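Just the one chain here, the form predicted alone, laid out as structure tokens.
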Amino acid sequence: MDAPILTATSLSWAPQDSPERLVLAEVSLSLEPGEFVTVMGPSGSGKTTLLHLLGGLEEPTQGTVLLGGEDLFAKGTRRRTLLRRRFLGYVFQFFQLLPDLTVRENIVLPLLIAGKDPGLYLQEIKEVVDVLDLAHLLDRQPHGLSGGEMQRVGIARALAQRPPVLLCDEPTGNLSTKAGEETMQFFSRVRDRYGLSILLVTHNPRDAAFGDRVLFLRDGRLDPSHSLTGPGLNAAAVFSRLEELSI
């Protein structure tokens, strides 16, 4: 079996000005190649902080993150940036598209930031655009798109450099129920198409049920014994576990 592509061990985080107030406490998890893991928890449970630590956007108070087998925080900011560019794509709740750029320009922006020529990635970009049904939108700007369309652009942008891992922060939180369902189906589609790993945090049980495995975060703590997996995994099972945990 391949080693996990992302491993967190005993992650804790507290604000520097309130070191006694742990937002995350001793969180450990792993993400296997090709696995879709969802982390379920209410607002304020530490989900976004966890993603920031896993993505190297924030340094833990204690604990380690291994990305592709390498310690994300061991070799300085420059090495961390290179690891993030190589391994990670990000999808956000509020899309984070640049309003003055077209859909095409937003998608290729990560390549430009990394100093790469988008012209060398035309086939890869076309494939992502086709998978996400964006070909007819490439010359539009974000203000002319629906929420679901903007989030598909966000997913395409995250995939521009073909990272092996997507980190997704409440990606349907700003969408209608229908658009949210469609967006989650697109996540499943790109996972199957590219064999990438997805770690998605959400407070939505229906979204959580798209994962191969659902983890539950409560008050900054994650207990693996409460996780859900297997063929019986669906929204009803997630609701039931939430009731058991009083979340």
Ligand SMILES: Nc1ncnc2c1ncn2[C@@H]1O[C@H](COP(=O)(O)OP(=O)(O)OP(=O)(O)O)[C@@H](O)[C@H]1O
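Residues carry their position along the shown sequence, with the first being 1. Because the structure is a prediction, the values reported are computed rather than measured.
Keep in mind the form predicted in complex with this ligand is missing from the figure; the text below concerns it.
Contact with this ligand in the model of the complex, judged by any heavy atom within 4.5 Å, is made by just one of P60, G46, G55, G180: G46. In the model of the complex, P42 approaches this ligand with a heavy atom inside 4.5 Å. In the model of the complex, this ligand sits within 4.5 Å of a heavy atom of V23.
Contact check for E149: every heavy atom lies farther than 4.5 Å from this ligand in the model of the complex.
At a distance threshold of 4.5 angstroms between non-hydrogen atoms, P19 is out of contact with this ligand in the model of the complex. Here the chain stands by itself, but in the model of the complex one stretch of 206-214, 46-54, 192-200, 26-34, 46-54, has heavy atoms within 4.5 Å of this ligand.
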